[in-house]
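As structure tokens, one chain now follows by itself in the form predicted on its own.
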């Protein structure tokens, strides 16, 4: 641990810790736009600049590491500097509220009391039409923070996105200007999760007139494999329907990362053919609705009947790779200790 001074107060930090993280632990918020905890220090937007005693110029807190004896001020002249930077970004931010999606730039502008002194002429960035049905990009909402490009390179280890053009014509595109479907992209949607302004977005929400800040988040476990990724179902309180899926960086075991199924394949929840209550086959041979207690009793009686007539080895248990490791463990424990059979198999092995 090293000692330093933050806004006139003594503070401590781990040696080599980024200043933005050390300040957050001390309860001091330093705004950022290009920084993400999953990514390497970048220092591109300069929104997080702070005054460091002895430094010739303001230093980016997201790319500056704490040193012993460092004296840092976060609320001096840098506040005016942040306001100016915000105004500069707003002048070319032609679509500040894209489809009701969260926008960290406009939130920061409201906090700092910054307004665009003027709006630059339309840069006429060439619209990008991608034939994939999951992810879209609105260049007039993009601030070129490069978070999405860096995510694909540093986290996903692929070259799905790149920066194209110069000046006002610059934009983010799938590598080589092809469709996302023609690059190394796996359509995991991770680039959407790190975009600060909503420029990268879910296509199926376009025109849905949904204010994402009003959605209710329900934490659950993904059902598509046994990894046990934690995710949030974003539910529209007006309709009680899932609108989108997100995940937080502190979730175990996926740290906020999801695959294409976990992030986009949730419509089955509302499919009209989905069973929402147990069914028990009656004496007429037809399936009839039942309570869980009735259904479990029928299943238990059926297993007991097979054991009584044919022995325990006549009963088999079929597990699934879509369950968590803990659930599969309980299945084999029920089979071996409860029923007395070693006939346990997985549907993924067939």
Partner chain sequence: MDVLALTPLLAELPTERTHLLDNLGRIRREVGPITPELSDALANHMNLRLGDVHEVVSFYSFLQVPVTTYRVCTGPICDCAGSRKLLEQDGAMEVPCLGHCDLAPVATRGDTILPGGEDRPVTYATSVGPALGLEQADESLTDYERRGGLAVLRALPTAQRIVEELKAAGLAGYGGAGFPTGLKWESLLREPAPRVLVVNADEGEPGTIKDRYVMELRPHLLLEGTLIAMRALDCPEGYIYLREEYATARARLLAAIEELRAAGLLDGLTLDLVVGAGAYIAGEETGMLESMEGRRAMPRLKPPFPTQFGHLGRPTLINNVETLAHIPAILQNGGAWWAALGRDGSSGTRLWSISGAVARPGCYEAPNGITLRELIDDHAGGATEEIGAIVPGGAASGILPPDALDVPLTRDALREYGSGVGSAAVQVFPRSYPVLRLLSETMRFFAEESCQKCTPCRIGNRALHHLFEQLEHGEAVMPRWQVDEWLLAMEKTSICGLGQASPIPVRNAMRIWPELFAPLDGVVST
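Positions refer to the first chain, counted from 1. As the structure is a computational prediction, the values presented were derived from the model and not from experiment. We call the rigid core whatever largest set of C-alpha positions still superposes within 1.5 Å between the two forms.
From this point on, the text means the form predicted together with its partner chain, which you will not see here.
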Can all three of 44, 85 and 178 be found with a heavy atom no more than 4.5 Å from its partner chain in the predicted complex?
yes
Partner contact for residue 237 in the predicted complex: its partner chain, 4.5 angstroms, heavy atom
no
Decide whether residue 250 counts as a contact residue for its partner chain in the predicted complex under a heavy atom distance cut-off of 4.5 Å.
no
How about residue 168 - does it come within 4.5 Å of its partner chain in the predicted complex, if we only consider non-hydrogen atoms?
yes
At 4.5 Å between heavy atoms, is residue 221 in contact with its partner chain in the predicted complex?
no
Let me know the one among 110, 75, 157, 213 whose heavy atoms come within 4.5 Å of its partner chain in the predicted complex, would you?
157
If you check 209, 122, 277, 129 against its partner chain in the predicted complex, which one has a heavy atom within 4.5 Å?
122
Among 302 to 310, 289 to 297, 36 to 44, 23 to 31, which stretch has residues with heavy atoms no more than 4.5 Å from its partner chain in the predicted complex?
36 to 44
Neighbours of its partner chain in the predicted complex among 62 to 81 [non-hydrogen atom within 4.5 angstroms]
63, 81
Rigid core superposed, CA of residue 166 - does it shift 2 Å or more between this form and the one not shown?
yes
